[in-house]
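Take a look at this one chain, the form predicted on its own, written out in structure tokens.
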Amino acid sequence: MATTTESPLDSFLTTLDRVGASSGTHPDVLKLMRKPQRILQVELPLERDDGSLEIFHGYRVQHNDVRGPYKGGVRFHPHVALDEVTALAAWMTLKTAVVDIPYGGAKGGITVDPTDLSDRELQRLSRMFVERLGTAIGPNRDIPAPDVNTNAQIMAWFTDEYSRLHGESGHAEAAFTGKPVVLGGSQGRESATGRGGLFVLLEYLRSQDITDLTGMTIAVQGFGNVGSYFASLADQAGFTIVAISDAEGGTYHPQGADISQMVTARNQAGKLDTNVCYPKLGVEAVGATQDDCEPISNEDLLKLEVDILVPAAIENQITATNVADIKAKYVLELANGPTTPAADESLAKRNVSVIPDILANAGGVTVSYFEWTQNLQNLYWSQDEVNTKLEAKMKQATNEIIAMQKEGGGTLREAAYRLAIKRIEAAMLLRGWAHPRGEDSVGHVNGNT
């Protein structure tokens, strides 16, 4: 993946300040949004299977809960750092406001490569993280979910540990989302981020009078849960997926890839095999000659001449360094913070439409909200019901942002920020965290915690 020294937190603050100043947001609201309400750092001493001791660092940043309980994922990655987690928590505050669900924003992580741990070690580390966070999390306070390198199994361990610590009074099934369905998880949660991204893309293209998808090409950087579901669903919708990559590199199929076969092969091998071609000709074409495709790096994938570029991996992929090489007409941000502010400005000048992360990848937190709602009611919906509700939410948010852009100008990202900040500002004024102009302001930095 591309790397840059630009801080994701600086990216958030740059856009927040610019949009806040241009939209006349109450200055105290902006002050409160610049800083998280709470930062938890925990040390996690793990006894390895061989008896040795290793200490890992864990974080939970609770950015803002003016609109409801904190909400956000937990990632396990060797490069997890406080600055990154703080930015991700802030983006979650905006994201939940964009899709208008009653949550605030949070994010967590452990600085660890989970592939270096055995299943037993991974379970012990997961349970210890929940134990160390203690009463800072819970169904009405902070509801973690999966993120990079975490999944339904880890959420199951989280839930069981929370239940052990808090008993029946803890309402453990509603304390985490992204759980296995048999433990109270929601139908449709696993595919929700990718599916939600497709709903947003289709609605935005429809607003541009584009309904015929024939021949529209897509390159997807990132073939994890989000990227693979999006690619599969986009393929079924009629798009042509010409390039896919994971952390180790990718493959380019100029005439289109057979995504179903790529997903099957990836699941069996645990990664993409860039030496095998999967042209879109059916099962019999698997293993076709290398003339039908070619390996491609993550950096070169970004530079392909495609209609739609989908960064679905990590932050800071489109930067001032490579933005001049971006040839796509549209960028759909399924990763968090994949485009730096300088690159965003450059793309806007070239009339490249960037569908921002706080809208494009909000399908995951939307279905997490559905899961939490089902848990609290002990009433569960079918996958069709979940997908229908998700589609309605994502279309509504997309159209509200398009309307905001038409009203106030600027990019889609700026319109999304304006919409989110407007809703957050309204909540802060009503709660008394900031006061109407002309009165003394006494913003309460700790919110209702």
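So that there is no doubt, residue numbering starts at 1 and follows the sequence shown. On a predicted model such as this, the values are computed, not experimentally measured, just so you know.
Not on display, but discussed next: the form predicted together with a small molecule.
K.L.:
Check whether residue 147 has any heavy atom within 4.5 Å of a heavy atom of the small molecule in the predicted complex, and answer yes or no.
P.N.:
Flag for residue 147 set to yes.
K.L.:
Though only this chain appears here, would residue 177 touch the small molecule in the predicted complex if you measure heavy atom gaps against 4.5 Å?
P.N.:
Output for residue 177 is yes: heavy atoms within 4.5 Å of the small molecule.
K.L.:
Check residue 195 for me: does it contact the small molecule in the predicted complex (non-hydrogen atoms, 4.5 angstroms)?
P.N.:
Close contact is absent here: in the predicted complex, residue 195 is far from the small molecule, nothing within 4.5 Å, heavy atoms only.
K.L.:
Does any part of residue 109 reach within 4.5 Å of the small molecule in the predicted complex? Heavy atoms only, please.
P.N.:
No, residue 109 sits far enough from the small molecule in the predicted complex that none of its heavy atoms falls within 4.5 Å.
K.L.:
For the chain shown here without its partner, which stretch in 215 to 223, 89 to 97, 267 to 275, 156 to 164 has non-hydrogen atoms within 4.5 angstroms of the small molecule in the predicted complex?
P.N.:
Heavy-atom contact with the partner occurs in 89 to 97.
K.L.:
With the small molecule left out of view, which of 336, 317, 245, 186 would have a heavy atom within 4.5 Å of it in the predicted complex?
P.N.:
Selected option: 336.
K.L.:
State the residue from 73, 227, 256, 114 whose non-hydrogen atoms include one within 4.5 Å of the small molecule in the predicted complex.
P.N.:
By the 4.5 Å heavy-atom cutoff, the listed residue in contact is 73.
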